[in-house]
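Shown next as structure tokens: one chain only, the form predicted alone.
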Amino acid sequence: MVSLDIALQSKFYANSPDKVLGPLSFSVSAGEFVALVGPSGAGKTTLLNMIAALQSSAPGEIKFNGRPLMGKPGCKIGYIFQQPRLMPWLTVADNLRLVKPDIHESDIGAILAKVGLEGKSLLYPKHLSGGMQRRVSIARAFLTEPDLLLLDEPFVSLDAPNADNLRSLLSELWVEQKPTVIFVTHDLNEAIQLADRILFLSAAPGMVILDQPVAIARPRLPDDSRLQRWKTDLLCDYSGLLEGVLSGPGLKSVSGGK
């Protein structure tokens, strides 16, 4: 497991005076599941890519276990994208071997059984449904037992039953391995079901306007009435939150701005 400390100044679009992010400052404890919720264009994916060193960072520091490691975190990072990103010319088993080339056949069978794809190792992605492809991407991410897992709206565009099943699967695998998780979503219901804390971002440039613990005992099921009560109370206290504006009784309006 790995702790993460973010202390970044503003991030600008390439060749543009406009900010996409920041400034940002927050920490994630080892083994914690944190969701990022904010409007489109708030820089959520940009932040994940900076943490994973897939694009240049903003000025400031990203620390892993208290150490600024300049894009070489010294820990295993898993990343589940919006699309499964499977290689279409490779079988399911060979897609898994991309992240663990020396994996034994028995271990492939074991991880596929965990994600509900037992006996599917020799199929190609074109023979899998969208939900099954997402299961392969989840299996691939957890196969390396990552210290830090980044997820960028992994269940977007799926129908409700598939999305519910995959959220449950993700939660089970997280409880089993306990990686530190940063989960990007537009879906507040999803964030409440999965996360220990929710960081709400302003509209662009994205800044944290509310850091809200989710004090609801697990397990949490989609139809759990506690989740809806929690959501209703939160949005009553902070109107405009999902639009990236923090406002409510006794509060001045807080947003990103330029």
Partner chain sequence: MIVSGIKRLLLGAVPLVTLLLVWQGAALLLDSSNFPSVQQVFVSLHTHLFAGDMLHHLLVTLLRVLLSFTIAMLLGVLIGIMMGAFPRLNQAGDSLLVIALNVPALVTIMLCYVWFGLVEAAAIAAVAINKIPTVVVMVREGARVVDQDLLDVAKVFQVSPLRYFFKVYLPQLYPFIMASARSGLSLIWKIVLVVELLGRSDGVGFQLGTYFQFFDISSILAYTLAFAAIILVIEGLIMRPLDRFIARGGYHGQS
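Numbering follows the first chain given and starts at 1. Nothing here was measured: the structure is a model prediction, and the numbers come from that model.
The discussion below concerns the form predicted in complex with its partner chain, not included here.
- For the three residues 54, 98 and 124, a heavy atom within 4.5 Å of its partner chain turns up in the predicted complex in every case.
- Proximity to its partner chain in the predicted complex, defined as a heavy atom within 4.5 Å, singles out one entry of 114, 178, 85, 186, which is 85.
- This chain lacks the partner; the member of 169, 163, 77, 128 within 4.5 angstroms of its partner chain in the predicted complex by a non-hydrogen atom is 77.
- Though the partner is left out of this view, residue 141 does reach within 4.5 Å of its partner chain in the predicted complex, counting heavy atoms only.
- Contact check for residue 110: every heavy atom lies farther than 4.5 Å from its partner chain in the predicted complex.
- In the predicted complex, its partner chain sits beyond 4.5 Å of every heavy atom of residue 158.
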